[in-house]
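Just one chain follows, in the form predicted on its own, and it is written as structure tokens.
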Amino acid sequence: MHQEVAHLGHVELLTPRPDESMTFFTDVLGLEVTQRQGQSVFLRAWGDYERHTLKLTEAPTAGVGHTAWRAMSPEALERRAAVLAQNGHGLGWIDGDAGHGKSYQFHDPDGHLMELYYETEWYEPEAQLKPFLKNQPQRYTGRGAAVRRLDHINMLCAAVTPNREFMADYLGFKLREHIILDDGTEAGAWISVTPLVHDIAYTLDATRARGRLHHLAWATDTREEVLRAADICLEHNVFIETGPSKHAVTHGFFLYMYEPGGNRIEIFSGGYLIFAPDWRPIVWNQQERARGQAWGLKLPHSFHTYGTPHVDIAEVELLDIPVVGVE
């Protein structure tokens, strides 16, 4: 399959505390508000070329409303929509949303709502945000962590392999790294259509729930900015779950926190880029991943159990996932 999906376009994040969540995204992460519509606010990072990359929507519970992928062309959009529809995975066309044209909606095997679109509005900054460098979408404000761009999303799922294969077969995603446990279970997979190690990852949900979010990540240029973000979180009383530290998978320098609505957010820097057309996926075994992150940090147990929407772990039978340390 020729590449027909260009990149992660935007994500709709749901929050039961919209005012507090918006303050987090504007003052802590440093995003800019571009539009308000109904119960939603649209935001962007200073390095994103599209008008918005985050749609923040008031809802009874936290989680992801939908994840949107931009197609390579109008023709690619039509082709992918036809394939999804013919194989019973499509939900149908919608007229579009703020900042983009018509889109085709579908579910992955775990039930995460996604869409494909092509027509989009390139961001045109107002005078106070117009950059000096014309090849930069927006002026760098330096507010909060001043994250540069939306980077990736990590989904919790009941089974990794069906989701990974679905994204490969129908959308052309390539496997970059994955974890295979001693019993053959695929515990995590990092896949992409861009040179990034992952545009999306799927990891096992220990609660056995379906369709939940693990985290949404924004990128910075340097590790120092991630360290600065940790201090900013401290000053804003934002709960830091783990980090700063370095992942073994992806090499990324990371900081994980919970925004006020309950969604896990990552600030991410580094990682490596893949240019090889014949890339050989990296396979991590259970013993290797049990060693923890690159410098030995063990991620907390909540990394397997906490996601949004929230599941009360006292009321469910948890899946025994022996690997503590997935990305």
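If you're wondering where the values come from, they're calculated on a predicted model, not measured in any experiment. Just count from 1 along the sequence shown to find any residue number.
Although not depicted, the form predicted together with a further copy of the same chain is the subject of the following passage.
Segments offered: 51 to 59, 36 to 44, 64 to 72, 259 to 267. Contacting a further copy of the same chain in the predicted complex at heavy atom distances within 4.5 Å is 64 to 72. Comment: a further copy of the same chain is not present in this chain, but in the predicted complex one of 203, 207, 250, 192 has a heavy atom within 4.5 Å of it, namely 250. Of the heavy atoms in residue 290, none are within 4.5 Å of a further copy of the same chain in the predicted complex. Taking non-hydrogen atoms only, residue 175 never approaches a further copy of the same chain to within 4.5 angstroms in the predicted complex.
The closest non-hydrogen atom of residue 222 lies within 4.5 Å of a further copy of the same chain in the predicted complex. For the chain shown alone, residue 182 is not a contact residue for a further copy of the same chain in the predicted complex, no non-hydrogen atom being within 4.5 angstroms.
Interface residues of 138 to 163, taken as those with a heavy atom within 4.5 Å of a further copy of the same chain in the predicted complex (partner not displayed): 138, 139, 140, 142, 148, 149, in sequence order.
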